[in-house]
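Both blocks below hold the same protein chain, though in two forms, and each is given as structure tokens: structure 1 and structure 2.
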Structure 1
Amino acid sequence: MTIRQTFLAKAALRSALLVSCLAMAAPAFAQNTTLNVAQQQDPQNLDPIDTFRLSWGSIGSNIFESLVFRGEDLELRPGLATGWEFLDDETRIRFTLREGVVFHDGEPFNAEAVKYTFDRLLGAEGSKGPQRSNYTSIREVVVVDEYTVDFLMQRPDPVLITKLAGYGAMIVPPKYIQDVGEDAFDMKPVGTGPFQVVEYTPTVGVKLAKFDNYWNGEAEVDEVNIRFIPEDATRIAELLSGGVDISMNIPTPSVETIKQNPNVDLVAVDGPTVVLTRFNTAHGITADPRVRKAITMAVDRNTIVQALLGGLASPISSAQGVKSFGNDPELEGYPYDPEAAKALLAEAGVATGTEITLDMPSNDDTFREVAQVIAAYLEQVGLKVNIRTHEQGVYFNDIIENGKTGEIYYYGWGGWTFDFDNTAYILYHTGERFNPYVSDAKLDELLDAQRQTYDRDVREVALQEVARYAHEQALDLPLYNTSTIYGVSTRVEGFDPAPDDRARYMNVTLK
């Protein structure tokens, strides 16, 4: 009897759904628009706390929102919170929440959802993922009333508000997750953003549909079909043949092709990623600062950027781009001066023909070329460079972490917070995982001190000091800040990607 009832109920539901689908489809049919996007990587898991991939950012930023919003200009603005204030000697941050916001499943957004989000992130579920470690400065989130929450701080965290605009802080729906379970949420998550997930097919792609009850207006296109195409050549072929409207992560070799094609435009944005080579400051000839300076002066970054990267990257003088908080525009990198480099090497007693090793991960095609050009430059000042490649996992797990590199090694870092603290702490603070060699009391002190205050001016001075000190000691050879390059069909209008690789498709229209 009960079985029959449920069957009938299901049938009724199905026909109701069918009717509503038809009703929806009929008027929309004429202008049902789909935006086709190709991106390089599959984020592999759509749960915001399980990932740290930029490939998640360009999908998840359309599905989820957080308390704070950071858009194209990198300014922090109210998101799901309408405002925030620091209380109790900056140990408590009070957020006032936006009213009238609903999740894709109809669940209301409120203080409970915020509390649930952070309890989950800092609790058992968050422990399985990489995001938790960014938010451990939060002790607890307390519900004050339906639309007010307090963040009680464990310790000061000047970058917290920025981090609340990012990945792990995306607000998730408590009821939905409890109903469907964590595994289902990974594959079909629900957020408050302008698009909802229709279907995610691992390694193939993800389909998004416009969310009709979005609080902040309505997306222009009805559907977004994002496909994962790891092969560069294939992704570009699809763009040129019209198979996709937007192709992300265009590799520099293809820039010319795209420029020549009248149907496709090139959009380049300074990205979060900086590329540098670091020195083994503990062993070998690079333990001598003069040798490090000499190597830095022997390599012409500008030519590398112009010739190999098609000019679509900016040379840097410290391990950050111009948009990074802590960047000092006054700080100039060492000039390209092979003669001075030779003199410095001679002064340091390095014989002509000395062999050194450069380590790098094997899967980075662009840097493979850059490394060989660096080797050619260094050969001109009498250093013979042997390039060693490693499988990416081994490179980070073992070669860097355990200090097994040669004299020079590759380091690329996407500091998506655009706050130098993120990069500098990893690179220069004693005992950090990816910093096997640098241990300097002055750097430790500067880095630790700026983490104790919310005062931006004080922090900026400290971070610039870190950059200048690293430059004086020539702790690394800063190369360039890469641009994220998008190929965009001329059909597309209103595509304005943010520098942190978080493409948003809400305002995109198709001709």
Structure 2
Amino acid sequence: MTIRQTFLAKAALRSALLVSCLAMAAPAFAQNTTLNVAQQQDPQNLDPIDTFRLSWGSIGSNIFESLVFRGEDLELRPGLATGWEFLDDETRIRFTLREGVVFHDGEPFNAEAVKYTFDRLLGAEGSKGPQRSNYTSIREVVVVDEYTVDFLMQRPDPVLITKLAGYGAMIVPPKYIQDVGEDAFDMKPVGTGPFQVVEYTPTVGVKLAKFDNYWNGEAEVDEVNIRFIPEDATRIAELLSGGVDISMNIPTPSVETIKQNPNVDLVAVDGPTVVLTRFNTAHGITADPRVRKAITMAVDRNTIVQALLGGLASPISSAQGVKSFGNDPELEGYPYDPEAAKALLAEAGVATGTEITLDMPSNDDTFREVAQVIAAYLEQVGLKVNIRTHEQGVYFNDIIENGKTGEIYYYGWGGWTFDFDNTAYILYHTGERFNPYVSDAKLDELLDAQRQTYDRDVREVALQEVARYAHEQALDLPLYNTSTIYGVSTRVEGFDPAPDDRARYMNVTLK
């Protein structure tokens, strides 16, 4: 039985016992219920167009909604749109909107709100954030009537419907933003979701209250108190002591401790996040593909997954997991072969004892252990690795973005669309924000071509060729696809673990 199956079985038993007890209990005075949640990161901004962080998803998915809904099973369903159809040779997409929906401030949801949302996303305000580039295939949103809109497309976008279910595309209220201004909206936004923002305190947390006029029912708890606890040890201590009911971002070194605690369940589901070390392909010894292949062959990924991650991850041969569209199941990673690695390094003229740098963010305890093991493996083939850490914001917004890394650098990516396009374009296309070194005409051509068609077969061939080419050139060292791991108190019922970190709390109850 898997961890998740065990959790669900235990949850079902607890639910049955709870129903039995409630049937015998006398009526009690109602009191407010508060769900306490811990997560590692502060998204730093609650506006859906101003962030790319997974830490936003676990908050924003309770506040905002989009035209399309994707559940924990990854299936796409109607959201604020009840349906959609492709027209005019797929150059126009018509969305029929849900009636009777209101924003938290009482403002009506309608076609004008949809148009405003995408005009804002694709305009000057959206250009300040990281989400705009995901939606530039949209030329214009046209209001047909109060509950119908047309998306006029500049080009095909085969991932658009999936993207509309996620980051950046959440529908926002025109009047509220115009009244309070952009800065105020960052701190206390308004959406149509089951919870509304009471207070957001940067670096501390977010307090949510259930929205009584939510169109799709009523949340089971009255309040959700989300705390930002960056230190792994503190977050786990709060979970084990009962200070929080649900903890996200469980580090693998804490897995066994949680398993042994009778008051907490460990819940793991296959997630979209991949972890790899990328190479500086422009400077230093890693500009030589022989050196990159040698480093790849010097690291035993299977041992890392089993010994350090407790099997709660899977080795990968490209920068995607098995659930990703575009994954090639026949592509095998380079074998663990330290002798062959030594030979390649010698052929490339790399002297024994040569020093290289591995850059990483300072707050990732799990990868810190992985980095130390990678350094030990590389030392066995004659390379001395200096591990250099950086504050997380500096690491992603300066060190990577501006090409200041050493020869190797950590990269983790939550490919939340479960489509390799989302990851591969960012990693390999020339000029992308998180691609400071790779510029290859063949990769650009393949990546652009698969974005020009809705034909899944054509896209799959192109994306698999991207993965094979990246493998042949050893542009990075794919390490593993992580499980999304939650720690959940046994007093929690109704929590459905999301594989993409977009935890939703509407159906959660506390006993």
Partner chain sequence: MPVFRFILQRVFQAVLVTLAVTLFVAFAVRLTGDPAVMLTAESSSVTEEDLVRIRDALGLNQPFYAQYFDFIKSLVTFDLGNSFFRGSIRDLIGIALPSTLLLAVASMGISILISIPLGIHAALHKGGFSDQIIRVLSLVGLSFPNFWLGIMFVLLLSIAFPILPASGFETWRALILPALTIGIILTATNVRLVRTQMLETLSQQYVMVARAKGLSERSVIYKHALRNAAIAIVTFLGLQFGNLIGGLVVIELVFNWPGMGTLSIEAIAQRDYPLLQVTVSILAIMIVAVNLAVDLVYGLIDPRIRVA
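Rigid core here is just the name for the largest C-alpha set that superposes within 1.5 Å across the two forms. Keep in mind the model is a prediction, meaning the values are calculated, not measured. Sequence positions of structure 1, starting at 1, serve as the residue numbers.
Form predicted on its own, given as structure number: If we ask which form is the one predicted on its own, the answer is structure 2.
Treating the chain as two rigid parts that move between structure 1 and structure 2, would residue 277 and residue 142 land in the same part? Both residues do not go with the same rigid part; they split.
Expressed in °, what is the rotation of the smaller rigid part against the larger between structure 1 and structure 2? Turning angle of the smaller rigid part: 19 degrees.
Looking at residue 290, what is the CA displacement between structure 1 and structure 2 after core superposition, in angstrom? In the core superposition between structure 1 and structure 2, the C-alpha of residue 290 moves 8.8 Å.
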